[in-house]
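Starting off, we have a lone chain in the form predicted on its own, written out as structure tokens.
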């Protein structure tokens, strides 16, 4: 398994202790924010991974923590999916 400190996902901050990928997404309005959250919920259910989310009207903070001791493929794939969803949502 890759060490947590070696994992890099474009646009995401990698935290060592506790291991976590962190990113804040910004949207134009609440409608976009809600659309992103709804789509992210679908991906979350499909992948069986549930991140920590914090949001307000135009921002969503996503914290991706490992299901085991270190970040792995599941967490990286989820982070990449979240980025793709945010880009699609922001593009309209």
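Residue numbers count along the first chain shown, from 1. As the structure is a prediction and not an experimental result, all values here were calculated from the model.
Note that the form predicted in complex with another copy of the chain isn't included here; everything after this is about it.
- Taking the partner from the other structure, another copy of the chain in the predicted complex has no heavy atom within 4.5 Å of any heavy atom of residue 47.
- The shortest heavy atom separation between residue 65 and another copy of the chain in the predicted complex exceeds 4.5 Å.
- At a distance threshold of 4.5 angstroms between non-hydrogen atoms, residue 38 is in contact with another copy of the chain in the predicted complex.
- At a distance threshold of 4.5 angstroms between non-hydrogen atoms, residue 55 is in contact with another copy of the chain in the predicted complex.
- Contact annotation for 68 to 88: no residue has a non-hydrogen atom within 4.5 angstroms of another copy of the chain in the predicted complex.
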